[in-house]
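Same chain, two forms, each on its own as structure tokens: structure 1, then structure 2.
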Structure 1
């Protein structure tokens, strides 16, 4: 157990404070007044969640507080069918319905986050301290959101100014000297309101392999700042501005000698005008701009000479006009038109590419009868660098009776080729291979040829003349909701995503140094399918149990065919003769677990005026790489073993405005230093919250 000096001091102060405020306490019930939950991400309008025909999920502020989450990955990892996986670039991205993090759109207050360094968007970047709720839509949603919304959409909705003047402070200390502190200053009266939020998160990092020279996670400190202002010109028109800044500095060490620093700077501004013309017609104008920059450098610490540096600078500007028309209580139309301008400047790019993409979308939401709700919509994205995309979607919900309802949806999703896949121009300085983006491959290849570095061309230059197609999918979801009573309900959702034109690399030429030139091309057909179950049960007023399970099959269709044809071989031992594999020996895509489970138990302790909870997550075995050389993940490969993590916490409110949270994450101290670098082991923490 790590209890350093400051931790102890903190502990004492807390005890003292607790003691002095130990009288006249009121405790919330575990059953707060049940308000109908509003969901915006599925329709871009305020919509009651209970009648939505799509597989959606809300993570409330209460859920986040009870789990004592600090960063976004903490809370998402506890949700059914969601898991964060480590990327080789160091980011922690979300996997949804078996699709990689690059295929899930992450929004903050409805606006996309940028900064996908190698495709992955690192969600550890986001603090949970300012989150009001998180909305999750599963299944392709490009009909509203365009590119990247293939697996689904996660919309993080942050707190808005609330009435009155208030101050909130909190401080948390945990193992590895990790500290998290936030301050909120909020003011709202009549027409004008503002809210300032500041968070500092720092850690000494941790080391899963003390024998190696490098730490698993190097020390870092980051700051999140958010200022929101609201002004109501009248009852009908509103002005809103949100400014956000994120800064992180982290030690960056490549070896015992090569040391440096990496930094991230992110700005965003979101301006919104709302105008309600009448009961039926409203319009919204939004202007979003964001910049994401990283800078890394390495210095040879023995002689002080500069070794290497790289940078990444991405910008996105997006104006959008949205109009909502309510025909009546049950029929509503929403339409939008917008323009995305994106640019990237980074190391290993021979050009500074720009993406320009105007788009338009329309969605119709209607209650055909009292029991049937239907949503149909489509979006058209035009683009200057790849084929334009038309993304339709349709969804229906049918309520059989008060207890049972059925829902089904089919949608098209796509992910535009990213800047790297189009414009990368990179030669590995130690091994000597080259990777070229599709759009620069011909010119870069010609240059390599003129320098005499090309031995043979494997792909004729004319094959590189067309454009790379966006990766796309048809996603189908069919679900059943069952609500016996407020105390017991569950839902099941079956999903299938058929993905085409997945982008992969291939050899386009041999180099005279014996290495190859790689480029990107559309190749794979992949599917992910399975189902998830979510349930909630309150056997006692004081006790709530929730649980979830996901079954997943994620496979490459060509790989399946190759196994079926008997084209795949393996060795039992790396140096033993090969043997032929059978169809059932194919496991599927890398980094996908067949089974994922979560089970949470919440218990109220009236005598203690506190809540306790125990939360368990389980992930079955998965493969990270092909260990027997046949390029496929088969049952003879080395797998990462199944694991479970148990978290425990007690949250106690005292003197109304104070609360204290104490807990242990990963109680049994699970680690897998070789394969899982984002699980640091047991974490003990304490947190004090003050609302003034």
Structure 2
């Protein structure tokens, strides 16, 4: 199945047939919905967050402004159960409930971002200056969103046009000559409105190890432009169009003599048409297209000769039609049909692959009684490169009384093999090893054999004739909400993610040069489990305290079995004799902390039109690699030590339309140059905001 004119025509004919039919339906008046009070990502419908049976969290615009966050990674790092981690390519992704960033779907206004260069979507490229709120759904969400939502969904919702004409400007200057500048032009009157947003973010970079010639982060500059327009044909029919462009250029230094540049260009457009036929039936049509491109090169700065270059060009086109039907006040049904067409052209690919994936989903939301809410849904994804997936999910919430409520959910999630795992064809020119995607491994291996480069086959070529299966999980969340009073409440959520068919690399052949040929395969079974606590206390009208804690166990089931059998040994140092490890000596998966804490204190000063806040985050020790040679992370390995980050800021308003923010991030100047490259040390900043 391919994306063609006939297929797109079908969508438009279907939608406008429904539109024409609606002209003969009597339309009832409805009360406007205050979107600021509802949560839409978890169910794709308007729902009050307090009534949802799922583990969800809203980060409001006020939260972002009080924290003086500049990039998306800044604000996400302060949320319970979330931590940003670097990948091998320098990108910074989000880890949720112990699952790697590749298992969390990142959306902007409900549409997926692309550009996972090494499996990780770099969230540093997203500015917070135009964000209205961030919606976080934890647990498998493939029943609505398909692949990549195995661990959860983060939906960044940007600002829409506001009534009237206004201008907003802000400028922030901070350590390392880092500047952040934004401008907003907004106009809305009667049926038509538009909002234009422009952001520039630049830095001289920073260096955690002055003894080396290279900086930890090289100088860069990026720009974000977003234009949103909306037009109301009537009270029941609305048209929306969003256009976005992102550009970044950065110095690229790979060694003392290898210098170059890297660039990123991203375009996206989202067209949406909504129609409320009556109080029961609504329809939504969206057409989304995005392109993500990178280019980088290296030259020898001593003689000016060309050394290397790489490019990456990914495209996604996605039309979707969604219908919502309310049987009555307590029962509603939502369903959708869509098609995803994705292609990639990049360095080290012998082909230019395309993914074509039609999908359909359905969800039923019902209040069985005044105290019980139930959601049941499922989605079916077809695909031209891997087997089809059926993703069911069920959730229930039970209100014991006005103070206590219980909720639980269980769902199936999956992550499809990405382009790299299927079509990579790379040979390191310096060392000589080769990495092959599963779908090209057979033919590429045969070619290497014909060239006399293969010494020994480790696996049979027939093992590479099947398909690489999607990674999949069963996700369970059970929670308790307690609201003692409007000033004190907390939430507890227990979670368990059982993941199967994890994709890993293995040696499939030995080369005559002494190196290996690697490819991908389904092998591992792992789990992440633990619990999270979120609380809010307002002892005084001027004082608010919020906090959260996560306990996490993330382990490989086969590793647990090996430790339990006594098959794993270790040495305390290279000259000591090896000794047998016990089951309790197994720590778990790499780059996971057992404990994470956040604590925030906000204090208002009405007389001075100011407020101050202190924010603390803590991460316990974690291991990045096996240091004693047994291929597992055990308690005798080397660990990255626990650390805390303390931030402080004061925000003051002048003459109603002006505000000044000053603050210090990482007050005690924590750094760990050997292990952590995304914490640069103490940052002092000042920011001026102007609203006209």
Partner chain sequence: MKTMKTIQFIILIALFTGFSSCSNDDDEPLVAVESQNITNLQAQQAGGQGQPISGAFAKFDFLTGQTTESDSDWDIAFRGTSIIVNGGTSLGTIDEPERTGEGAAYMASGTMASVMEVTQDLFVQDSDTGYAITTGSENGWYSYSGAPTYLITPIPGKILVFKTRDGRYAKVEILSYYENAPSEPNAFTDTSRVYTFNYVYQPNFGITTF
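Since we're looking at a predicted model, the values are computed, not measured. Between two forms, the rigid core is defined as the largest C-alpha subset superposing within 1.5 Å. Residue numbers count along the first chain shown, from 1.
Colleague: Out of structure 1 and structure 2, where do we see the form predicted together with its partner chain?
Modeller: Structure 1.
Colleague: Classify residue 452 as shifted (yes) or not shifted (no) between the two structures, where shifted means its C-alpha moves by 2 Å or more with the rigid core superposed.
Modeller: No: residue 452 shifts by under 2 Å between the two structures.
Colleague: 2 Å or more on the CA of residue 304 between the two structures, with the rigid core superposed, yes or no?
Modeller: Superposed on the core, residue 304 moves its C-alpha less than 2 Å between the two structures.
Colleague: How about residue 576 - superposed on the rigid core, does its CA move between the two structures by 2 Å or more?
Modeller: Passes the 2 Å threshold, so yes.
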